[in-house]
Ligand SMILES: NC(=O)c1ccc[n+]([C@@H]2O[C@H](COP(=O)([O-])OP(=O)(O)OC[C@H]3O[C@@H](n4cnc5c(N)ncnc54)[C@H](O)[C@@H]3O)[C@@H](O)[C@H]2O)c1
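Just one chain is shown here, as structure tokens, and it is the form predicted on its own.
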């Protein structure tokens, strides 16, 4: 193991910071990461996608799909007429206005649809994805893959049974700088890794208040919005963007951003969880309508390391002064990665006069700048043609969200849960085991994958 003195360490760190600044400035100045649309392909090469769920993330996904010259959108489905109008306007800007429908089932038997973008609230992901696979459509589904572990497995099973390409919107998988960070972790240069941290500190999400229940607006089919979820009175702070703070529809920031950052951890470390515990609460905004914790710390156990997850809503400075990221703490060094890039900090050896000794040299910040959301969608479209496994395959999406689901089960029950990864079963706790699936509101049922 090569060791380095404090003087050499500080010199390398200074050069690393300067080089990062130069590289970042060069990328910004030259527009090196822009992607031209290219010429229009022949009609035989067209890929026709339908969008289900035309909210913020749905429109973001559709906008990226429509940047690819071979993609067309013949139809959009949304239960909210105002959101549907926004999606139709976005698609029409490409020169061809799609049809708009309220019920996603009207797109499943259409011959002019090759793939379905599922950008609904999480509680709808499994049913739409499975039915789309059964109908012979490929699927691009937003993260987290499903609201429960059993529903995630059902999507994977449907993808395999019907031979469909299913890509989960975990776009880090298509990012070159995340790929290089994962490769560095796997190289062994950090030494033995016994602790990993992942986090999301989001200051752009604050108090959402507690407005009274009311009648749903005329443009929204609220019963269809609920779908398989339990019947509850309409509240404007429980639908659309805010669905993620309600247990009926999602799992809070633990699953919302955990689907991204914990996926990077599993990708790099290659192990399955064995247990999870969690603590936290509504400490930041105790009186608002959120049900999920605004502050949460989870300890997820693996065979050779521990993963610490932490999030805070309403605060933007997390570990390493980053709002989000992953830290791989090895005996030689610490790799820190987020959507902006990654770098390695040296671990210290025992203090030896006259200077502290470091176990490895730092690695300068490896910048991002790539539009990896677009590249993730490009990967999906390419796989529709080649029938290859996509970068964010359904199995990856299922495994990525598993630790977050286990942490939330532990949080809600107030106790540690132990996990059998091979059987996909919680050990010795029937009450916790019941959280692996959910009962659908009639008449909705999830077909077997």
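Positions refer to the first chain, counted from 1. What you are looking at is a predicted structure, and each value in this text was computed from that prediction instead of being measured.
Beyond what is shown, the protein has a form predicted in complex with the named molecule; the following relates to that form.
Visitor: With the partner removed from view, which of 77-85, 150-158, 229-237, 281-289 is the stretch that lies within 4.5 Å of the named molecule in the model of the complex, judged by heavy atom distances?
Guide: One stretch meets the cut-off, namely 77-85.
Visitor: Evaluate residue 173 for contact with the named molecule in the model of the complex, applying a 4.5 angstroms cut-off between non-hydrogen atoms, and reply yes or no.
Guide: No, residue 173 is distant from the partner.
Visitor: If we define contact as a non-hydrogen atom of the residue within 4.5 angstroms of the partner, is residue 294 a contact of the named molecule in the model of the complex?
Guide: Residue 294: no contact with the named molecule in the model of the complex.
Visitor: Would residue 125 count as a contact of the named molecule in the model of the complex, using a 4.5 angstroms cut-off between non-hydrogen atoms?
Guide: Residue 125: contacts the named molecule in the model of the complex.
Visitor: With a cut-off of 4.5 Å between heavy atoms, is residue 167 one of the residues that contacts the named molecule in the model of the complex?
Guide: Close contact is absent here: in the model of the complex, residue 167 is far from the named molecule, nothing within 4.5 Å, heavy atoms only.
Visitor: At 4.5 Å by heavy atoms, is each residue in 52, 260 and 339 next to the named molecule in the model of the complex?
Guide: Checked in the model of the complex: all three residues contact the named molecule.
Visitor: Exactly one residue in 72, 327, 114, 256 has a non-hydrogen atom within 4.5 Å of the named molecule in the model of the complex; which is it?
Guide: By the 4.5 Å heavy-atom cutoff, the listed residue in contact is 256.
Visitor: 245, 104, 178, 309: which sits within 4.5 Å of the named molecule in the model of the complex by any heavy atom?
Guide: Partner contact (heavy atom, 4.5 Å) among the options: 104.
Visitor: Sequence order please: the residues of 119-147 with a heavy atom within 4.5 Å of the named molecule in the model of the complex.
Guide: Sequence-ordered list: 119, 120, 121, 122, 124, 125, 128, 142, 143, 144.
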